[in-house]
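One chain is shown next in structure tokens, namely the form predicted alone.
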């Protein structure tokens, strides 16, 4: 869906820049984009199930809503199953904050917002994190009039402040009304529209729209699992507490992915899976290491990062050198994408890469050069002294590395 928004934006607003003339009106067809998305998702699901069914080991698929009866039995609704070991992978869902009036209106979330038949004329997005940013830009490019309300003083509050602020400016260039430091105080219906009230800098503001998308955090999908019956404890927001081996408070039950909180990314869940499986089935005692987890906001330009921000490193008392370069390489000029900046955060005493932060086209791909270099305490020389193809976007990663020398 983000790709559909990118194509719409390129054709509708920038085609002439590349010598392409578009006669007549450019229209976006939501149903066609959703159908394309659904077809891709079905293909992915088929591939996963085919790969599992094709394995020599026996895997039985059961469909139902499972709940623990005790620490060695579950009820699926149709039958009672006993187990020696178990892995919980039930994921997370959107959090619903205690905003007055919120339960009186229909709201969209990251799932239902991908199933609409029509683009809403106007949209208020509550939440300035990854989901809020991505959906705000996507729907703005589809044609909605979008307001984005972020509770924190910066968008993507866990990311580099300078890059997050730059991204906020780029979203405004897309026509999005971006408000940070916005605490939503109430929601109400007004005819066929909704009104979201927010406190911003000691002033109350009302934002009216046809639709509201709630992206204000996540909670664990654990409330109907009867975990207490199995002796499994949960912490804040219903997330299951695990140790470094992904073992819960019950030593023969493990938890993986979003249901345990922390970094809630698909790539973290796929990292967790083999570790928990080997520990549960083979008793390998493997431990997780989340020190080098890449993260991405799939905005345009993409905000991607790994490791510590400059502020986090300095707060830990580390003497750091920061290499910073604008998105201004030859390839960036050729493709007409020159917004953004790249920053390398390096330990000044030994050259170890502590973090890498990228706001650039295809930043989600570029960041993996830093991820690979950071393994086993890699130094900035791994990037700065390597040969990069010209002209490529990856040359900018090397330029940021050299700037940190």
Partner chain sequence: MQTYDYDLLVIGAGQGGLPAAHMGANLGARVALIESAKVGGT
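Note that the rigid core is defined as the largest set of C-alphas that superpose within 1.5 Å between two forms. Numbering follows the first chain given and starts at 1. Given the structure is predicted, the values throughout are model-derived calculations rather than measurements.
Separately, the form predicted in complex with the partner chain exists; it is not shown, and the next lines address it.
The contact with the partner chain in the predicted complex, taken as any heavy atom within 4.5 Å, belongs to 90 out of 245, 234, 154, 90. This chain lacks the partner; the member of 285, 274, 262, 181 within 4.5 angstroms of the partner chain in the predicted complex by a non-hydrogen atom is 274. Judged by heavy atoms within 4.5 Å of the partner chain in the predicted complex, the contact stretch among the candidates 139 to 147, 289 to 297, 204 to 212, 73 to 81 is 73 to 81. Looking at residue 48, you'd find a heavy atom of it within 4.5 angstroms of the partner chain in the predicted complex. Proximity of residue 225 to the partner chain in the predicted complex: non-hydrogen atoms within 4.5 Å are present. In the predicted complex, none of the heavy atoms of residue 330 sits within 4.5 Å of a heavy atom of the partner chain. Contact annotation for residue 313: none of its heavy atoms lies within 4.5 Å of the partner chain in the predicted complex.
Residues of 49 to 80 that come within 4.5 Å of the partner chain in the predicted complex, judged by any heavy atom, are 49, 51, 52, 55, 57, 58, 59, 60, 61, 62, 63, 64, 65, 66, 68, 72, 74, 76, 80 in sequence order. The two forms, fitted on the rigid core, differ between this form and the one not shown by less than 2 Å at the CA of residue 60.
Pairwise change in the predicted complex: residue 287 and residue 57 C-alpha atoms lie farther apart than in the shown form, at least 3 Å.
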